[in-house]
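Have a look below at one chain only, the form predicted on its own, in structure tokens format.
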Amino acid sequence: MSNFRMLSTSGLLGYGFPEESLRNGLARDPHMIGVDGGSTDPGPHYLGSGKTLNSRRAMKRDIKLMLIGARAHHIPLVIGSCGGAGGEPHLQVVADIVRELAREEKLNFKLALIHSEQDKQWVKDRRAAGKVRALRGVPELADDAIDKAERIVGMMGSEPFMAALDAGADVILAGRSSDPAPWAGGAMRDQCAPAPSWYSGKLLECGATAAWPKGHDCLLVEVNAGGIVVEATNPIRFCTPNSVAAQSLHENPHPHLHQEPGGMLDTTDCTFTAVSDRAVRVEGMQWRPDDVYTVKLEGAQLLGHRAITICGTRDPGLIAQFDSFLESVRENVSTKASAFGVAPEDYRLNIRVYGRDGVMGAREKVKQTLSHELGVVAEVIADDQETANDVLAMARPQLLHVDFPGRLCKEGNMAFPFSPSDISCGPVYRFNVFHVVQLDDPLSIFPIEYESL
């Protein structure tokens, strides 16, 4: 095994990065460059709708810089979870950008597309064979849920990336993947041990978030015998033992155990040592292979359509009795909506109150409202957009005009920052497939397609 260097440009494709940081990173002769393309963090909308999380313009800017740099240095460019959710529409948007850039920049290379969208009948068959289990807090998967999903993706591990690299791909675009998997695959293909390879991926997937001050910027990780060395390529950012250790804790229910396709990354015994004022060496990670290879399945179901309005108040008399006020609002909306044929069961009215419990909801521990003003987001979800709009148009004037004891103002209760005040948000989705499936072959459900550009 030689020292294997990997350069990540940002925490997510389309978030941007300084060009000078990219140049600094390429000057270190990395063996691979890439960026994470997506996540479930923004919620189910993107998987369900097929829309990309970030704009095409922003993604093209990032890819252009990476692609030109990768071809100039003859190193592979790898992007996982393309387009945000990694479904087929998302993958094709990013693939079209790469093809367009190849024409514009007159570049020649071998492109690999790794598909992750799954056939619903295959998922049903695996479920019937007892090869699908629910994640914590999720009900068992039923055929009805599979049918209702707009699309289902599998979250691939490192093996498809290794296969594409073995086939000589210069640019690899993948559908939904484990965030560290592209990096782990690149390092392990170079004969690096699994533990430091996967740990490097945990850092690289987030770009320079492992440095201080945090920012969307480039990170260089070298995998070598016994561990890794991590350093931001922007001189204003510093990797410290504390910043690197803290980063490895993110997005995981356990502080030390990180489940990935094919095994568990155990960071219990890791040590973090500063090797300069800007770089840190990490050692002591362990990889525990699973007896059965599994990957996560993600699916999103259409729930309805949404309309919202945003308003706020700084009336101390109203704030002091906001719960009873909102109850009156709900009762009035129910009565008035029923009058034009919309029953209470035909919609959901959600009212989030910021400055009180808008972030935590029922889990908020501070029960006394301390703010002098409150922000309100009223949301209506119904089966169709027209019904959602109609009910919201009734909820808005109730927020504005419902009376309350001791009221002094003779006009509106709320201030609305926008006109029009009502916003049609379109389709609403929810995750309805969040399960794990057993595979006999890590490559079996992730077909790879090659193109010469």
Partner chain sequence: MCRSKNAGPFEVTIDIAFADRETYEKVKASGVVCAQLIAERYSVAVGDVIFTAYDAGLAFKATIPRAVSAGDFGDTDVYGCQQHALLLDVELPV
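Residue numbers count along the first chain shown, from 1. Note that the coordinates shown come from a computational prediction; the quantities given were computed from them, not determined experimentally.
This next part talks about the form predicted together with the partner chain, which is not shown.
The putative spot formed by Gly48, Arg314 and Ser421 is not touched by the partner chain in the predicted complex; no residue has a non-hydrogen atom within 4.5 angstroms of it. Interface residue among Pro344, Gly358, Pro89, Gly226 relative to the partner chain in the predicted complex, by the heavy atom within 4.5 Å criterion: Gly358.
Checking Arg71, Lys124, Arg99, Arg352 against the partner chain in the predicted complex, a heavy atom within 4.5 Å turns up for just one residue: Arg352. The partner chain is not shown here, and in the predicted complex it never comes within 4.5 Å of any heavy atom of Arg103. When contacts are judged by a 4.5 Å heavy atom cut-off, Ile381 counts as touching the partner chain in the predicted complex.
Contact check for Asn332: no non-hydrogen atom falls within 4.5 Å of the partner chain in the predicted complex. Although the partner is absent here, Pro253 lies within 4.5 Å of the partner chain in the predicted complex, judged by heavy atoms. The stretch that touches the partner chain in the predicted complex, counting heavy atoms within 4.5 Å, is 238-246, out of 238-246, 189-197, 74-82, 125-133. Counting a residue when any of its non-hydrogen atoms is within 4.5 Å of the partner chain in the predicted complex, the hits in 362-382 run Arg363, Glu364, Lys365, Glu379, Ile381.
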